[in-house]
Each structure stands twice: as C-alpha cells, then as structure tokens.
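To begin, one chain is listed below as structure tokens, in the form predicted on its own.
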C-alpha cells in the first residue's frame, strides 16, 4: 500500500547556511502522527508512527495504518508513506496502535498491536520487510502474543481487561538475545528466537510503580533503561538495571504531561553524538488526545547515568551535524 503524505518543507540551503535554525514542534503538521518509534540505520533515522484519523471532537482513536518518515538531520523529514496497515494482517479486525521496528540479519521487523478478529482483545503481530521503508508483510500469518496468554491484568471490578497486550518494544542485547517488552497496567517481557518471529520461554512480569503503558528499552553505557507512561493522564518515568532482565530500580519522572493530550509515548535514540527524546502531544490547532502529533527534544544524562528531566519546547532541535 502506498500513501503520499506532504510535510512542511524546510529549505536545505537555509539549514546549511544557518546551523542555529531549528525545526518547530510538532515536527509534522500536515498529517496527524502518534506513538513514535525510531530506528537509526546506515546514517538515517527512520521514524515510525501511528496515524490518528479521528474527526475533530471525536473522543476515540481512529487508527487504520502506520506511517514512516526518514531524516538525516532530525529536522527535515521525508514522508515514506504507509508501509503497513491493519488490513495486512488477515487475523486483525482493526486498530493500528503503537509499534516498533528493529533490524536483524538484513531484515526489518515491525511489532505492532491490533485488535484480534477471533480472540477477544488486542494481540501483537510482527511484520517483516527487506527495507526499512517496507513494504512490510505479516511474518507469521498469526499473532505473536494474544490475550489468552496474559490473563492477570484486571480492572477495578476484577475483570480481565482486553487492552493489556499493546505497545511492544523490542531490544537485541549484546549477546544477540532479543527481548520483547509490552503491556498496559502490567509490564511484561519474553525472549524471542533468533528468527524474531517466535517466542522462546515464559512471559515474565516486571514490577514498576504506576506503570500504565508505552515501555521503551534502550541502553546507555553499562545501564539498561526502561521508560514508560506513568499514571493517567500520563507522564514518562524510567527505571534502570544492570541487566535487561533486571533488577529494575525506579529513577523518577523524565517527561511531564504533554500539552493537550492525556497520553505520553516516547522513543529514545542516539544519533550523530546527541540523544533525542521523541514523543507526541496535541499541539496542532485541531489537536487533542485523539489527534496527536510527534515532537522531538534533546535528552541529557547526568554523570551518574540518571536522566535529566526533558524540556519540552516549541522550537524543537537543531539540525544534527553532518
């Protein structure tokens, strides 16, 4: 499937002539983007987002596909269309929620949550492509994680919720072992086999204070970081560990409530010597909790490895060094 999406142009010659120029937040204003994930590959950042399509004043998510953008400077973003949609999973009945792409052995794997057509609740699928921009196709023909595997997430009345299997994030450790983290109300992880489309071993729960959703795993120095949406309306908190399997030590809040939006969903990457915090808010004129837009600001570490609070700006970031 192909979708051509224009974005606000910024003259490349002006960027080269004036390095202090910054892109404004939100970074894309001609289409609504949410739930960002990012991957650095061969000197290019690939940004993968959800696609909010809820009409103005509609108080529910309307999301049918995922979008891709690319940049070599974190300021100019080239639209790459929609390389994946819910219709690409024969077992899905809708809802293109937050996912993440990772590269392995020349392939690109996109883990996404979507409503299952025959098993009640959300499920996590995985799609594969030969290029970071796709096109992606269902790698299994079936879901990787389904709600009948995770029955311990309960609402206030003690009833199993149907939306706990969402927001997958995947990380390949230094020894080559891949891990899938995900969850709502409960954070979980499971090992993946080297083929990246099969699980290996049991599901493990991770105990984190006020965990809501949106886990993201990254590593900086010798520490592993697990950031996540905290409470509701959501802020972003994080924990650190000496190993990806823990034990996890809660470290605090790094991002406050995002403007005009109840949710907070982050990606953290390093690119050309800087660290970036990628998130969404409801910052366009017609924005809101169901009409979100992606933003980027800098992320800074303290000498002890803890993270400084993110300063959300309207100016955004400057072009990355060539």
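Numbering follows the first chain given and starts at 1. No experiment lies behind these values; they were computed from the predicted model shown.
There is another form of this protein, the form predicted together with a small molecule, and it is not shown here; the text below is about that form.
Interface residue among 226, 98, 192, 123 relative to the small molecule in the predicted complex, by the heavy atom within 4.5 Å criterion: 98. Contact annotation: the small molecule lies within 4.5 Å of heavy atoms from the stretch 55-63 in the predicted complex, the single such stretch among 55-63, 267-275, 41-49, 23-31. Not displayed here, the small molecule is approached by residue 214 to within 4.5 Å at the level of heavy atoms in the predicted complex. Under a 4.5 angstroms non-hydrogen atom cutoff, the small molecule in the predicted complex lacks residue 281 among its neighbouring residues. Interface membership of residue 263, defined by any non-hydrogen atom within 4.5 Å of the small molecule in the predicted complex, is confirmed.
Mapping the unseen interface onto this chain, residue 166 counts among the residues with a heavy atom inside 4.5 Å of the small molecule in the predicted complex.
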